[in-house]
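Coming up is one lone chain in structure tokens, specifically the form predicted on its own.
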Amino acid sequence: MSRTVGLVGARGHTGRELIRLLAGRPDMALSFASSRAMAGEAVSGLAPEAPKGLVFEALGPEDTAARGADAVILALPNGAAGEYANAIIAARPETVIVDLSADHRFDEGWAYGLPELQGRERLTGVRRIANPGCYATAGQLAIHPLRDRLAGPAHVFGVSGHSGAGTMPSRKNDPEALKDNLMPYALSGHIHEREMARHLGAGVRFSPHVAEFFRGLTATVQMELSSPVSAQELRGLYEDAYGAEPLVQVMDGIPEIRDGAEINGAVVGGFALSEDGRRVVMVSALDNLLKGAAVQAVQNLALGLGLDEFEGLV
């Protein structure tokens, strides 16, 4: 029997990918899709894979809770998810909630959902899951195998396609502003910097940028180590961490945007090592809309519901 899933914030780029991914799973059924901007329109107009007859609805927090879905995905901007989560928890505490915003990534009452690093046992059967950010996913995948050897903060240089800026018009998704351009932003205190540092238990310095391509993301990470590492040992640490992970590929070369874009997983590589073995540069690439958002949400949703994590993803 398939589990019913509601989607709030369905009109965005990530919402469109979620509709497609849910349609590919026989064990999940999209029961409602909420969007004030598209209320009354057929969901299939945005995503042809949507169930026939499903239309977008303008649902507030209490309306969403009253629908009684087995699970709800909140694909809302930062600051907007809390009232929906509170209403659902009050009315139906058994509902699994996956929050794609940053509203609960620092909340001890919510499980942080990066299965490859946090462990499936911490997510299986859990009802409150905070989905990691796209940059935070890429950065942590590059840093995690070396986090216990760091001699100082890891420095992450990130570049994302403009889909990461969402659908609300801004300079960060304006084609004219981005043309032939690379746009630095949030030069200090970016929320993904704090997110990475918190969940890695290590210092992080993060410099985000947005470029004129639509989707995809790379993170180039510089790390100083407390003790030397050999090239063979370095490669072994990443193979041990990710060799059995279906959605993380360890590659010999340097990952580029095109290596991570439009795939469900992430690619980690680079393996640049200084002569003294104390400085490492790693690169990770992923699709900010997929492993950086929608795919990870479906992984978390499946674990929370006790279903196959990789159905339709691998």
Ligand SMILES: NC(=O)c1ccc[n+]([C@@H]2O[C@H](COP(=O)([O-])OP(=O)(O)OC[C@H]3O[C@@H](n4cnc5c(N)ncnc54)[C@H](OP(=O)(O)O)[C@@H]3O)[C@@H](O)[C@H]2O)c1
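This one's a predicted model, so the numbers in the text were calculated from it and none came from an experiment. All residue numbers refer to positions in the sequence shown, first residue = 1.
The next section is about a form of this same protein that is not shown, the form predicted in complex with the ligand.
With the partner removed from view, the residue among Gly203, Pro77, Pro184, Gly119 that has a non-hydrogen atom within 4.5 Å of the ligand in the predicted complex turns out to be Pro77. For the options Cys134, Ile73, Ala142, Ile129, the residue carrying a heavy atom within 4.5 angstroms of the ligand in the predicted complex is Cys134. Contact check for Leu289: a non-hydrogen atom falls within 4.5 Å of the ligand in the predicted complex. The closest heavy atom approach of Ala231 to the ligand in the predicted complex falls outside 4.5 Å. Taking the partner from elsewhere, Gly304 is found to have every heavy atom lying beyond 4.5 Å of the ligand in the predicted complex. Residue contact check for Leu100: one or more of its heavy atoms lie within 4.5 Å of the ligand in the predicted complex. The chain is drawn here without the ligand; in the predicted complex, the stretch among 257 to 265, 271 to 279, 32 to 40, 242 to 250 whose residues come within 4.5 Å of it by any heavy atom is 32 to 40. Residues Ser163, Gly164, Gly166, Thr167, Met168 are the members of 148 to 176 with a non-hydrogen atom no more than 4.5 angstroms from the ligand in the predicted complex.
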